[in-house]
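The chain that follows stands alone, in the form predicted on its own, written as structure tokens.
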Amino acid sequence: MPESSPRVHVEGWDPSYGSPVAPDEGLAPSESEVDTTVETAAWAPIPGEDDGIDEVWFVDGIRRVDARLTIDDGEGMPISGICGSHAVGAVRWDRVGRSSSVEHARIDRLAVSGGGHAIEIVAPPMTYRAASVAGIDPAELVTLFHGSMRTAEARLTAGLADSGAFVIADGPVNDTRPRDVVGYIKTHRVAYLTGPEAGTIRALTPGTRTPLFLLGASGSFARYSWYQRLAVGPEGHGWYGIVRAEVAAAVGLEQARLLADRSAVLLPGVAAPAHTDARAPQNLVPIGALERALRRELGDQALVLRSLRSASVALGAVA
């Protein structure tokens, strides 16, 4: 094979979750503004530091489309809808007592209809609260449903942070307030760094991070961000085990540095082993445990569908 040919790496990441590296050209202008000099102009891996924090909270949510609906009022084309359930919760990691527990599990169920229809569906013992979108594009239904879950995650995260907790929240941060919340992003859709700065990512080892860089300084939601490596795989490619993290710029540079140093050390210690998770190492062990617990809270999908079919007959809808 010629020396210039690219290498092909086979990873255990389950393809049904997409790819951990999935470029997205739809980058908003403010997002494309990247200041790589906020912490240092000399880019090289920075060792993290464990400041001995007693507790770490991990927040995540899961969603499931339980059934698709067809709403036919006898005039014109039938309208699409979905019944969906989502659950959010947190794992409390007690580093002093060396224990973890799932807490604050919350479930919500929505019947999302198109065309402005709003139909509550009661399928004992469950109630799907009514929600609607003006359009008829099925993608809008899922967007509203997913947004409902993200809102629930944000509320739980904010409540924990306001009580003084340090929170690792799965996904980007969506709060501009100065809270000790780290957004944990395991899928890369945008190449924020180029040149020597991008080369620093490949040089990372577990326990180190890149220097901080500032995203969207001129927009309404500026964030400090950094990359770190969770694990080194056998013959892993340069981005194996790489995740990006971010905090609201409102926390200030010094606090952002403290949170980044803390995360660089703590997160590799809870990275999922390859034999335990389809998204290893990026799907952290506490988050994987939380997802499993939340799936149990949602109930058996076959039984849920059976209840929905009975409820839809009473409503005159066809599931």
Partner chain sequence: MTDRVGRVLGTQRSSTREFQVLIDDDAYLQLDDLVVVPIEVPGFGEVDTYGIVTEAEAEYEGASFATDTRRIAEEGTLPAETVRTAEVAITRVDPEVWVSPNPGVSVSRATGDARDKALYADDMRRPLPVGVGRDGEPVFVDLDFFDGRKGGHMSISGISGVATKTSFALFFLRLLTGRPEIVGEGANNLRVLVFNVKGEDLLWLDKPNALFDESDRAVWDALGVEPGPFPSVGFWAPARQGGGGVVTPDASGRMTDINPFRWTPREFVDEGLLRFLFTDASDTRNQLSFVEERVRSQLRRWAADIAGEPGAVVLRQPGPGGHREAVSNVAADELIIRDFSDLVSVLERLLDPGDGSDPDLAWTGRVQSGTVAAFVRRLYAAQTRLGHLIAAGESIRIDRQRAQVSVVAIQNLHDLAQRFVVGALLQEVFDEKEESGQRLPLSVVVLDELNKYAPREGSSPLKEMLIDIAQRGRSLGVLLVGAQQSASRVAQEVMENAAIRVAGRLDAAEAERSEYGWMLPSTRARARLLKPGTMVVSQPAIPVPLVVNFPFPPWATRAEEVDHTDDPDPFDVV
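This one's a predicted model, so the numbers in the text were calculated from it and none came from an experiment. Positions refer to the first chain, counted from 1.
Another form, the form predicted in complex with the partner chain, is not on view; read the next lines as being about it.
At a distance threshold of 4.5 angstroms between non-hydrogen atoms, Pro273 is in contact with the partner chain in the predicted bound form.
Although the partner is absent here, Phe166 lies well away from the partner chain in the predicted bound form, with no heavy atom inside 4.5 Å. Although the partner is absent here, Val251 lies well away from the partner chain in the predicted bound form, with no heavy atom inside 4.5 Å. Using a 4.5 angstroms limit between non-hydrogen atoms, Pro286 touches the partner chain in the predicted bound form. Residue Ser100 is the only one of Asn174, Ser80, Ser100, Thr187 with a heavy atom lying within 4.5 Å of the partner chain in the predicted bound form.
Contact annotation: of the candidates Tyr224, Trp93, Phe145, Tyr128, the single residue with a non-hydrogen atom within 4.5 angstroms of the partner chain in the predicted bound form is Trp93. Note on the interface: of 59-67, 265-273, 251-259, 44-52, the segment with non-hydrogen atoms within 4.5 angstroms of the partner chain in the predicted bound form is 265-273.
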